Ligand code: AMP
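Form predicted on its own, single chain, as structure tokens, below.
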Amino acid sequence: MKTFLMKILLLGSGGREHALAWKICKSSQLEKLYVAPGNAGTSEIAENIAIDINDFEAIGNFCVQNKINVLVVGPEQPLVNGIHDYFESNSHLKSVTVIGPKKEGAILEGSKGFAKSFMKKYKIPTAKSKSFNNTQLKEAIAFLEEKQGPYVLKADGLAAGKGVVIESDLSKAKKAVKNLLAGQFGKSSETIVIEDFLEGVEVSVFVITDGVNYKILPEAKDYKRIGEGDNGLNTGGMGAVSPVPFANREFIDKVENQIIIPTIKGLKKEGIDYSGFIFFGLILVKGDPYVIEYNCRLGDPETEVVMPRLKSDILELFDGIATNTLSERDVEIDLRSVSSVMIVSGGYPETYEKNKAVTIGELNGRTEVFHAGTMIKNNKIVTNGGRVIAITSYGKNIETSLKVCYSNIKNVNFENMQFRKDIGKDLITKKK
């Protein structure tokens, strides 16, 4: 198969983007990698570019001037806002392959109501639900009163991972409904989804697709709560592990046949031309997978364990999308376990300080450092976000990968840093 060197522009500035950049840099097909805006970690392996990820005109101009072959969209916002459509509708940008769906495909993540209707139509297993807009407060409250708790409430639109509320108490659930519909998340919660609570264990499964063919990537389990034992406030993610012991061949076969195939066929039937990643947020309930949510991009911090386990050249997969040859490409998976622990700023996920000097000492074992919220200031690495650095380590199993991971955290230092000490421990117990 003939190959050519590619110039890549990767949008984003988090741990997901650093992990993607790290993987892209391992490709024999890479000529040059730019990251916009990037972080202190990406600046060590690529060229950071100061462009706003939602400034489509500036991104387009940069792609033309620098002869970019592939635009990889890390976060969801530009996809939901239609960056792929912008490139498609401008003749001078049509030669750029965009990894990420058009607006009509990104609505799978951009509207939970749409996603629920789509799943119902194509018989994809998910919790029963009903949507209400901000003129239907009374109806929403009446619907709650008919149900048994816990009560699951979701803002319909994007809410930076904070738009889900689970309440056991009916009066608290009613108050949450009022707050959401009153504009807690602006336009994102003008419509809400109320759905049944599913009891089970969560897992994330990822595919890359050209809209017809797909390749399944390594699965992962992430840990959202700030506190040990999954307590405290929700965060963007405090760590992740891969593989997930219960996601065996039988489970993945169920996911493929009951969820992945109907999703891709459903998108095609709807006339939605989808290319890029699909993130299936799943829950295992009594041996069967149910969809909690779709995302139209890779997850964070899951990417920090998924990319290290992907042995295949990721640019070959991108080229497969560009040339409609994805079905001919192979996905090879590293059989080792990979664990990642996120080190976050003191105070996160609430108010936290920035500009704290970060030092990273010598690491042991097979370990990667993925920067999430960092920047270079006066030639030094400083904190620039709530989630700062992900320490990612390999091992023959989850237990050994975690041991290496935690042994390296002491080599990272910044003022008031914090991290969870129990990432993956639930899986070790269950495995035994």
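Just so it is clear, the structure is predicted and the values come from calculations on it, not from any experiment. Start at 1 with the first residue shown and count on from there.
The following text describes the form predicted in complex with the named molecule, which does not appear among the structures shown.
Contact between residue 224 and the named molecule in the model of the complex is found at the 4.5 Å heavy atom cutoff. Heavy atoms of residue 104 never reach within 4.5 Å of the named molecule in the model of the complex, leaving it off the interface. Proximity of residue 197 to the named molecule in the model of the complex: non-hydrogen atoms within 4.5 Å are present. In the model of the complex, residue 176 stays away from the named molecule, with no heavy atom inside 4.5 Å. Listed residues 252, 164, 212, 216 were compared with the named molecule in the model of the complex; 164 is the one with a heavy atom within 4.5 Å. Residue 127 is the only one of 233, 170, 127, 333 with a heavy atom lying within 4.5 Å of the named molecule in the model of the complex. You can rule out all but one of 243-251, 268-276, 197-205, 139-147: in the model of the complex, only 197-205 has residues with a heavy atom within 4.5 Å of the named molecule. The candidate spot formed by 6, 23 and 313 lies out of contact with the named molecule in the model of the complex, as no residue has a heavy atom within 4.5 Å of it.
Residues of 289-313 lying near the named molecule in the model of the complex, listed in sequence order, are 292, 293, the criterion being any heavy atom within 4.5 Å.
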